[in-house]
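Single chain ahead, by itself, as structure tokens, in the form predicted on its own.
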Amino acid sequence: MRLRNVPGAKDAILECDWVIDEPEKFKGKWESVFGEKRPLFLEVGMGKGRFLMDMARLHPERNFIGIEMYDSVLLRALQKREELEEQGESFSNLVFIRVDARLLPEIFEKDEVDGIYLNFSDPWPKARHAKRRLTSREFLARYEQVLKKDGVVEFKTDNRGLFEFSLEEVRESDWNLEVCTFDLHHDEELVKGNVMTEYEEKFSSMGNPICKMVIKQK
């Protein structure tokens, strides 16, 4: 199915084999979707999907799931994947889910997920929306319900205010701060092997410092 210039994003998503419908049916058995049990990594709020497709290409020994709640955004990722597959690439270790991330514990079993990526998440700047931020203590509690004990959450942003909020949420929660930098691209060690997102490339080219943290459950 060609996904370009499809007038109805929702219909295109429903018809696409790369998008898992009713994902809660696979709770505890996601290896059946991929046909092979490998470490499982999620990107929550994957945007156009470049980061996750790059990761899937670099790490064929892992399975990846991109999570996005907006049809129009997910459609852009499907279009990008279609272009790459037409050029001969294959992503057998990557699928997508169109779902609100608040439902993660209904979709994944405890200890089923090895790692979670949060890249340039919506900052939800109004204080009354703090619980919607993907690094809020409410979301950290959801990640605890699906991650393995030694699983990590990796978060990158150019929003200093959101990063400082996130650091405070980690301090107030049952998590250890394993890695922290306020300027990733000028840290010679941490930037090694860094896979950039579209936003990261754009903001760093403008001179904006990129903040990154890696956290693990205590």
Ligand code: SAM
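All values derive from a computational prediction rather than experimental measurement. Numbers for residues come from their place in the sequence shown, where the first is 1.
Unshown form predicted in complex with this ligand; subsequent notes refer to it.
When this ligand is superposed onto this form from its pose in the predicted bound form, none of its atoms comes within 2.4 Å of a backbone or C-beta atom, and the site is therefore classed as open.
Checking Val33, Met69, Val179, Leu167 for any heavy atom within 4.5 Å of this ligand in the predicted bound form turns up a single hit: Met69. Scanning Glu89, Asp122, Glu106, Glu83 against this ligand in the predicted bound form with a 4.5 Å heavy atom cut-off leaves one residue, Asp122. Within 4.5 Å of this ligand in the predicted bound form, a heavy atom is found for all three of Glu43, Ala101 and Tyr199.
Though the partner is left out of this view, Val73 does reach within 4.5 Å of this ligand in the predicted bound form, counting heavy atoms only. Remark: Phe96 does not count among the residues lining this ligand in the predicted bound form, judged by a heavy atom distance of 4.5 Å or less. Taking non-hydrogen atoms only, Gly47 approaches this ligand to within 4.5 angstroms in the predicted bound form. This ligand is not drawn, but in the predicted bound form it has a heavy atom within 4.5 Å of Leu134. With this ligand left out of view, the stretch that reaches within 4.5 Å of it through heavy atoms in the predicted bound form is, among 145-153, 60-68, 24-32, 167-175, 60-68.
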